[in-house]
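Only one chain comes next, encoded as structure tokens, the form predicted on its own.
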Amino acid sequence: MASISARGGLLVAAATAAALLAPAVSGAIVARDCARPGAACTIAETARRAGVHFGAIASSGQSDAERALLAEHFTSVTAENAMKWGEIAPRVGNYGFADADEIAAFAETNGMRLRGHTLAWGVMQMPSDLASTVAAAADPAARMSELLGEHFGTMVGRYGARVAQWDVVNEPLEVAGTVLAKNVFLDALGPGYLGLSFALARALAPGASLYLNEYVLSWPSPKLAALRTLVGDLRAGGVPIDGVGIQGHFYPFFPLPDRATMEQELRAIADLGVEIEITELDVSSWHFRDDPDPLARQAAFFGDVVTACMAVPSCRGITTWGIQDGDSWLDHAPPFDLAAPNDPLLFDRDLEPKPAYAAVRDAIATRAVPFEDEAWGVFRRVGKLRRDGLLRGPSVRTARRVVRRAAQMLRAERFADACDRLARGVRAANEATGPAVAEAAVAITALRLGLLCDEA
């Protein structure tokens, strides 16, 4: 969550006189503080309090019940397949947008972030005639550059600002190696296809976050080290990579890392100056098959993954690659189907939350600031403004007193009472004099807004 100072600065322009002169009787609807572990909150509510995204995939085959879970429990949507080049255009230039349009509309209707997955993936799901079209050209490099430009322009042109984050290049490294994977883009353009892809995306989507997304990253491993080197070299060369997606498939048959190792490796990538997200999280239950309580062990590991990410300030979000266990790709993909049922997600086959759900929610809560702590922060801030001579008059003492009382009420989860106290604090701040009157009033108003004090 942003600091009180940062949130207050953003609210100065938006706060109206009516907001600053909040009513004495509140219509608050807050009944719990989602920044507290164990709170009766959804993951989505907790993620919003923490200022991060927690998402899942959407596909055309999902039921209405699954979509309802997606809308209620997640804040971000990734199209599982519908935006991949070969799915949206089975042949070069032959686009069919229906599935991708529906997912984009779902995200927009439900106020969810939309991730664009993916613009350039040289391994699978490409137009069936892409390689032959390029090979038949007099200048294959020029033709591939042209086709990339046309495809990027089509996708970004259609979905525009609705896509907040693009996986520009997906899985550029060899499956278990440390060099670029041989694919149609590398064959035609050489390693320069990476820089070209990001340059095209930046020109077309200047406001989107541009990600490089990679998989089969054991913790630690030569491939993870190679990914750091690749991203570092590209950024040093001016390639506009904003973020790195770590897919986070904890496949069966692969060893699991501990939390400290995961945090260390995530920090090493973030130290390159990029955002990070875990973009395709699932944890096969195969790993816990011999445990007396496999669900509890799976929950603990999910919690470790999310806690490691939340501990790194550059971690902006996590996406699970599925909603419920019965729809996991692992059960149908060799060799992972040998471990079926993998049951790797947060909801079981009856669409009920598993213990992992609460573990993830509580791990996200570690990023959030409890309302009580925010109130004490406002209390200290108003006091500093008074000591610095920027806020003057007897009403300043009143403002501090009611904010202090509000903090005590928030500890007791008396949210409506706290809202009423904070309304008095806003009025008292506005009755003060000095250059920091607006700053103090907006700081208290920001807390009231977070508490949903005026929502019925």
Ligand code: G3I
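Note that residue numbering begins at 1 and tracks the sequence as displayed. Bear in mind the structure is a predicted one, so any value in this text is a computation, not a measurement.
The form predicted together with the named molecule exists for this protein as well; it is not shown, and the discussion that follows is about that form.
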query: Any non-hydrogen atom of residue 275 within 4.5 angstroms of the named molecule in the model of the complex; finding: no
query: Heavy atom of residue 125 within 4.5 Å of the named molecule in the model of the complex; finding: yes
query: Heavy atom of residue 329 within 4.5 Å of the named molecule in the model of the complex; finding: yes
query: Touches the named molecule in the model of the complex: residue 247 (any heavy atom, 4.5 Å); finding: yes
query: Proximity to the named molecule in the model of the complex, single hit among 81, 307, 221, 264 (heavy atom within 4.5 Å); finding: 81
query: Position in contact with the named molecule when the complex is considered in the model of the complex, options 87, 187, 348, 362, heavy atoms within 4.5 Å; finding: 87
query: Partner-facing stretch of 106-114, 168-176, 338-346, 373-381, counted where any non-hydrogen atom is within 4.5 angstroms of the named molecule in the model of the complex; finding: 168-176
query: Within 4.5 Å of the named molecule in the model of the complex: residues from 261-299 (heavy atom criterion); finding: 280
